[in-house]
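This document contains two forms of one protein chain, each encoded as structure tokens and listed individually as structure 1 and structure 2.
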Structure 1
Amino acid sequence: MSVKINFPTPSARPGDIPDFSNYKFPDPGVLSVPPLEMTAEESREYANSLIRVLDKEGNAVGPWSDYLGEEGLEDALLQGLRDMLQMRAIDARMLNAQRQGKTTFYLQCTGEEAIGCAFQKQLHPGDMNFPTYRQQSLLVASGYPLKSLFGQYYQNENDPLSGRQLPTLHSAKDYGFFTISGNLGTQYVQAVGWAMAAALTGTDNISAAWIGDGATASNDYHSAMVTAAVYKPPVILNVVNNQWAISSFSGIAGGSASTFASRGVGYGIPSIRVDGNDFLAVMAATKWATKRTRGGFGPVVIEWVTYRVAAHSTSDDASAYRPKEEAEAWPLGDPVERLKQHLINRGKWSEARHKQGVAEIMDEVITAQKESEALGTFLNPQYLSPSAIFEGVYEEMPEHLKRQRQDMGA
């Protein structure tokens, strides 16, 4: 008898019928809200199940719904729907812009809007996200100016980074958005270190690390988890499990063997697993997690279960490795449609208002996009001053750089 190794394979490939029969999701409302001081051992149920609030009819049910309370909730939900619609409009417009050659690269977060839009609203000024390139929704929900957002995509004079980063790799310290690294594991290491510094310097700020399911296989992820387990800094360790890491499915990163949340339990970190397409579940779980970390109870892992509707990037052809109909078959539905139905059930929204809202938000996005395009795109570049390459690194420019700038005549 020869020895063997395992080659994980997805449940369906192009031409097959999408198959999510191996996903076992509990009914909404079955999980209680744990105490903030919950230990890793006590979190096993939360790491292997799924926190859900909205049922199939769009009604909010269970203890996590009660945890949200009612004061200010409807206004927050209406704003959340608006943020998600704006994010979706930006995605659609930037995909077209890239296809038209106006920018070189773009990554959509379509289908994952609820995670960033709901999470951001629970943070305080001074907290810091260490995001991936698919969390533009954090910026949208924080009120980041559209002119800066589009300026970065087109790398014109409105780009806060002056063209020093790839499009979509934003950086906005004042909005709690740390510089994105293309190597995603580094975000985990830096977020843990930042949280340790926050604790050592006596602030009450927390950090949020972001990573995809695929990048949990990186060395940096494991280094950060060990450090977080030992020193227990105030950090929320997010894993966005959107089922696909470029062309490899989540099983390649270990998702077939266990949940990504349960991996946190193995490190001794309390962990929960949440329906990332359920806006209310994301709100409630983030409210609990931020209270826990800010309250001195140490780190927490959150696995957000969602589905990457779009291709990995504008350089990717998702039809080459997964069924075309797979996104529509995703059993947890679409986050925008689910929140819309919930607000209709509450009597705070309607199909007519939704149609009007979509149109108004798209008009706002198109107006901001065109204003930005007038300042230059990849098709019509308007170059920045050469002196810009000397700026933005040192607070006090060293003498040798001053001489180089003078030699350039800039």
Structure 2
Amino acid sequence: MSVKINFPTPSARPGDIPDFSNYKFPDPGVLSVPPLEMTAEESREYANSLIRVLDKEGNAVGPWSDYLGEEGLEDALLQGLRDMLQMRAIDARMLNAQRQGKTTFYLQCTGEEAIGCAFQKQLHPGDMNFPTYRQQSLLVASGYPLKSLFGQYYQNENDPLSGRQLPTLHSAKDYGFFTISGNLGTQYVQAVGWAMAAALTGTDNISAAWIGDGATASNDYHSAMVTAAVYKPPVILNVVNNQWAISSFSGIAGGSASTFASRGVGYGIPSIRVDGNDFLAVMAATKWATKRTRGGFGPVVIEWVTYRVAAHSTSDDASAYRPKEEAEAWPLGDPVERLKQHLINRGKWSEARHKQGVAEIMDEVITAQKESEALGTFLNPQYLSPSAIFEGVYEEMPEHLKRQRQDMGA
């Protein structure tokens, strides 16, 4: 006999049949809507179960569906479908553009569109997301100009950041989108500080922290959980559990030991777990969470259960570490297909209109993309002044940077 340790491995590798049998998802509609003042202890059930609204047939069922109400709902759902389709079109076009060498790098959010697109609509002006690089759907749903989005992808004169950042690391203060760092987890605790400041300065704004399942292993995830539990500021602590952190499955970050939502309970923060591929569930849960935080009832943890359909980035080959068919086998389905079916059931949409809508949105995206490409891509790079390197390191440029700028000849 000797002591033992555990090395978690995923349920399937390339060549295996995808296996999600370890996921026990409850039926839609079984969970009630808790009071806004729910405590961490009272949230245990929500942290281990799954809030779902859409059933297999695409019908909205249960208390969370009722919570959404009917007023303005159909317009919001149609807009949500449109936003998700636009997001998906951008993903497809940018993957190709990267393969053609027009940009250095891209990260798709395919499969996770519902989360950002539904979440963003519940925020108010002045609220702030602290996103990761896979939440571009927040930007798309906020009405961020495609001109600026593509400008940064192609690093041309429409890039608001003048070539300083990777193509997917946006910064859009006016759209409630905090500047993305690139190293993992740091934004999580910053969101707590931002929410504390929002309260200390007497605003009614809230912040939303975003992190992936893999980065919940980082220091600052825990820093944020501790401080959010201590000061109870108006922050929504989102964990997007998309099953894969590059090649490491969610179990490597501790996801097989407990749900990511239930970790929140351990810290003393009320926590809920939501079907991230169910647009209506995301909408309802976000409505509840924003009401709770804005109402002064403290922070909330939300685990969004979803699946990363694409590779981690254009530098990654997902087929090297997981079955090719795994995305299709994902038991919670495709968020676009599910919302489409729901709208068809409501009599507000049809297969024909969908086909037409997809084509129209793709045309819009291609038009914006072409306009941006005309200003320069990495195949025909536009001259960007190198002096941008030195500008804004400090508010006022110190002497040593002036000397270096002169040295460069900029």
Partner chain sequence: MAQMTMIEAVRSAMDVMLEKDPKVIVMGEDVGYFGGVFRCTAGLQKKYGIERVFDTPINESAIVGMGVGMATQGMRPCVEVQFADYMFPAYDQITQEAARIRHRSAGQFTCPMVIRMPTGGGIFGGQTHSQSPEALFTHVAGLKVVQPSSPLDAKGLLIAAIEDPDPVIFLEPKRIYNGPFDGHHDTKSVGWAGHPLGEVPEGYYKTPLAKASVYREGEAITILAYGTMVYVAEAAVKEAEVDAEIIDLRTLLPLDLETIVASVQKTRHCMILHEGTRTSGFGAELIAEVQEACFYHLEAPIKRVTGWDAPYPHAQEWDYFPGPKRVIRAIKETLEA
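For clarity, a rigid core is taken as the largest C-alpha set superposing within 1.5 Å between two forms. Quick caveat: nothing in here was measured; it's all calculated off a predicted structure. Residue 1 is the first residue of structure 1, and the numbers go on in sequence order from there.
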### Message
Between the two structures, is it 1 or 2 that corresponds to the form predicted in complex with its partner chain?
### Response
2
### Query
Where is the hinge among 99, 355, 383, 182, given that one rigid part rotates against another between the two structures?
383
### Query
So how many degrees does the small rigid bit swing against the big one between the two structures?
18
### Message
Can you give me the Cα shift for residue 387 between the two structures? Core-superposed, in angstrom, one decimal please.
### Response
4.0
### Distance the CA of residue 402 travels between the two structures [rigid core superposed, Å]
6.3
